[in-house]
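Before any questions on how it binds or moves, here is one chain, the form predicted on its own, in structure tokens.
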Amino acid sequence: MAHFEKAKNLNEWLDQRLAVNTLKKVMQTEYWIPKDINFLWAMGMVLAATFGMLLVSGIFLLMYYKPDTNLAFDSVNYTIMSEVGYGWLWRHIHGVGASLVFLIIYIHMFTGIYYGSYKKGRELIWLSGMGLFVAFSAEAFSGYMLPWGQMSYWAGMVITNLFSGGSLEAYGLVEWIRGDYVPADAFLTRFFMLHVLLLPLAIIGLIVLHFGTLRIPHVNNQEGEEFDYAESAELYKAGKVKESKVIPFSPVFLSKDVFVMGVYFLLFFYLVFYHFEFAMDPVNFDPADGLKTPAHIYPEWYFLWSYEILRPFSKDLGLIAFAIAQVIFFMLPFLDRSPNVAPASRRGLFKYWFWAMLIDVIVLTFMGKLPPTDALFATIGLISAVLFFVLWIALPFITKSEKKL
């Protein structure tokens, strides 16, 4: 009993100074979540948990990694993998987590698109989420440089060359980013700093912002139904309705999140122990060599769709197409002119637009991994890239004509 009294007194002390009880109500026990949602709404928590795994594993790797072009490759592939106890485990966790985090992001993104969770007062939820996508992309790219293998070096060379602006030939800007004429020591240490400090801080800030924007207009539900969440909870408490439309975030909805995370981490650690190789490019197990260009340079799988948009076109047109592809998803709340907040299955032509976009992105991803030597695959890549932009151009027209449900 004495322990309970001490805990109660501590809670009262903190509440007087930090209003912890009010915060608990606002963010947990009286933060109402629609009852009618499925496991896909747990992807945000799964993403946050995976980011936590990346932070923890990254800290352990940081203890032995050497951000030096002469030492980086050996520090990863020999010291961490062979000499440090369980170093291989932390590297596998970090590599698998880096891939799965993007799988979760894409599922989360397309779930939001399918259910219209970016519409009618929820625009900032979408924009902050897309900001997270950009920050995670930058974090993944900077991390890909650190093992200093062949693909690290040449992918860094290709991606930073994009900043030359095509025919603008702004190579001074490229050299400023690299700190040298080619990727070298300055390049590696800069991306090391970005990966372990600035970008994680940006991601943490954006996660807080994303949750804040999610808290105010409330999360969407499977039917897109709009109602007063607090009023619905009060009516249920007063016995005026038989069944509540909402549940508290904690502990009810959070228990659902925990269950989904449990299933997810079974898959996560299965991959860590038995199929980690999918997250590690075999070409990157060769030390970086600026005099030996790989036969086919490509990014990690989660960037392949946008890389394939760049490839089929001429130098300048490809760069413009690539730049548009990076920002077009930000414009979704403003290009979708429909008055309806409803799942795609109930939205006429938008249903076909959604599935065409999803399939097109998947096709672009597969084509981006193939070398650009086969005429058939090159043609499929070109058609898929053109279709990507046709779909975005068509979106305002097909949604504007949509009838209100």
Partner chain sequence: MGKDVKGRRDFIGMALGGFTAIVGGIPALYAMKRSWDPLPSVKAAGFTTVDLSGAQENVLNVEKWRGKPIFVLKKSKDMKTDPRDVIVGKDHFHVSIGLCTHLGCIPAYIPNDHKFKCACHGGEFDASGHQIFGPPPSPLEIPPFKVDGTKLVLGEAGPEYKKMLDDGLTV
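All of these numbers come straight from a predicted model, not from anything done at the bench. Numbering follows the first chain given and starts at 1.
Below, we refer to the form predicted together with its partner chain, which is not included among the displayed structures.
A.B. asks: Choose from 211-219, 103-111, 284-292, 320-328 the stretch whose residues reach within 4.5 Å of its partner chain in the predicted complex, heavy atoms counted.
C.D. replies: Looking at the other structure, the answer is 284-292.
A.B. asks: Using heavy atoms and a 4.5 Å limit, would one call Glu169 a contact residue for its partner chain in the predicted complex?
C.D. replies: Output for Glu169 is yes: heavy atoms within 4.5 Å of its partner chain.
A.B. asks: Classify Ile177 as contacting or not contacting its partner chain in the predicted complex by the rule of any non-hydrogen atom within 4.5 angstroms, answering yes or no.
C.D. replies: Because a heavy atom of Ile177 falls inside 4.5 Å of its partner chain in the predicted complex, the answer is yes.
A.B. asks: Residue-level question: is Lys315 within 4.5 Å of its partner chain in the predicted complex, judged on heavy atoms?
C.D. replies: Answer yes; at least one heavy atom of Lys315 falls within 4.5 Å of its partner chain in the predicted complex.
A.B. asks: Does its partner chain get within 4.5 angstroms of any non-hydrogen atom of Lys256 in the predicted complex?
C.D. replies: Output for Lys256 is no: heavy atoms all beyond 4.5 Å of its partner chain.
A.B. asks: When its partner chain is placed as it is in the predicted complex, are Phe334, Tyr352 and Leu387 each within 4.5 Å of it, taking any non-hydrogen atom of the residue?
C.D. replies: Not a single listed residue reaches its partner chain in the predicted complex, so no.
A.B. asks: Quick check on this chain: which one of Met193, Val241, Leu71, Met81 has a heavy atom within 4.5 Å of its partner chain in the predicted complex?
C.D. replies: The residue from Met193, Val241, Leu71, Met81 that makes the contact is Met193.
A.B. asks: Looking at Phe136, Phe249, Tyr229, Trp154, which has any heavy atom no more than 4.5 Å from its partner chain in the predicted complex?
C.D. replies: Looking at the other structure, the residue within range turns out to be Trp154.
A.B. asks: Taking only heavy atoms into account, state which residues of 215-240 are within 4.5 Å of its partner chain in the predicted complex, ordered by sequence.
C.D. replies: None of them.
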